[in-house]
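Have a look below at one chain only, the form predicted on its own, in structure tokens format.
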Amino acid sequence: MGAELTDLDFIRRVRGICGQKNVLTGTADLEFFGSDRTRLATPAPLAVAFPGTTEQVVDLVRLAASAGRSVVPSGGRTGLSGGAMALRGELVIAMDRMNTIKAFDAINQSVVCQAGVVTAQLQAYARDRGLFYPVDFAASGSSQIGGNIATNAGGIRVIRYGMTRQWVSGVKLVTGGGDVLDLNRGLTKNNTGYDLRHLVVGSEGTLGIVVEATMQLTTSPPPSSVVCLALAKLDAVMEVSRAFKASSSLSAFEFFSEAAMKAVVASGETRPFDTIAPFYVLLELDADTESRVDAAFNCFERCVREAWVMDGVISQSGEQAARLWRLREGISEALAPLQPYKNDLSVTPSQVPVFLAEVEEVCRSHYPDFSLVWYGHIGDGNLHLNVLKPEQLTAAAFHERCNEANEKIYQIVQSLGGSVSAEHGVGLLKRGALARTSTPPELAILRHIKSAFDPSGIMNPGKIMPTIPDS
């Protein structure tokens, strides 16, 4: 009987669960909550529901399953792979109202928080208690913990602290069948078979909806310095990385090209020095003792002597450190008006120079009108390739050529044993490329896992695995 519900009857039932004011159907609301930052297509969900409790999420999922309606979970919508897009009349379940930090355990250094807690909110909560939540990235002010878990968010301090996965000690999930799984429950040791929690991390809402999580915190980091260096050639990046890793304790090692620097400076930031170079690196390192500060200066001087570094600056204050970080963290926003096509790729750090050189050569040979802007977390092998749209191309023609170029770029990734998505996820954007770095048996297992968690196939359809046909 449920499968015969009309759109109006279905929406009426959704309002009965969440309350009249917590269900939106206006065109502007549907476009806003049915999309993320990729803007791949015009969103077209049926409605947006804002549950306030886990029980309401369960009721919504069970209603959708009984009515044969698909569901798209929505967090901060900061994703870059189309993972939060609703294009075919789905019910968007937005977690914005479930935004409470419910418990704090000082002994275990953990918090229990609802999925709608914003990343920066958790960071501030930890800081107020003398602790630290280390997963950080440019969108931390609007991304939500549930979305961080669903995408296994990374960011700028992965080389020391790892991805979101390392900080999830428990997760509560409403499956596609409407069951509530309370996975691992915050335990440090729990050796009782398959750890389903880790299947949920990075699943992009295809297995269910994260409603609550136990997140680990750590001790506050020591005082740090930020170093920005100008490099004459790409090969020097690895030499600089090796030198600073041997002499300092690094929490970040970032990279960007002169094209990225130009974009950030044009947006209002100031160059850190007069020297203009092809490439730049930004490092954050511990500076809590005089010996560590001396070691950083000595390493900088050595890099200059070896001709790896053309120029550089080491922060002398927190304000200066923040200004240097803005050079890196402001790149994505600075590029947005230029309509870049974004690619998020990874290889092992030692292969970065070879990978970048091969991609540059492919684009020079086949796409000479493409302007490439590189930046990324080079300390962990993650590069963000941004292609700027030539003025003479329409948006559609540009995307078609980028998709064509991707085939050549993904071949390079595959030959180096890398990944077609380092941290942004698969979503809609890269589901067709998954076979480049996953074998047929692996893909078959992914399908079986999806079916076990989501027997009706209603959860975030078309993401990761193409569960619905393309239109």
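Values in this document were obtained by computation on a predicted structure and should not be read as measured data. Note that residue numbering follows the sequence shown and begins at 1.
Absent from the display: the form predicted together with a small molecule. The rest refers to it.
Remark: Leu80 counts among the residues lining the small molecule in the model of the complex, judged by a heavy atom distance of 4.5 Å or less. Phe279 falls outside the set of residues with a heavy atom inside 4.5 Å of the small molecule in the model of the complex. The small molecule in the model of the complex comes within 4.5 Å of a heavy atom belonging to Tyr375.
At a distance threshold of 4.5 angstroms between non-hydrogen atoms, Ser241 is out of contact with the small molecule in the model of the complex. Heavy atoms within 4.5 Å of the small molecule in the model of the complex map, among the stretches 56-64, 24-32, 436-444, 417-425, onto 417-425 alone. Checked against the small molecule in the model of the complex, the residues Lys389, Lys342, Arg292, Arg401 give one hit for a heavy atom within 4.5 Å, which is Lys342. Of the residues given (Gln123, Ser332, Gln216, Asn152), Ser332 alone sits with a heavy atom within 4.5 Å of the small molecule in the model of the complex.
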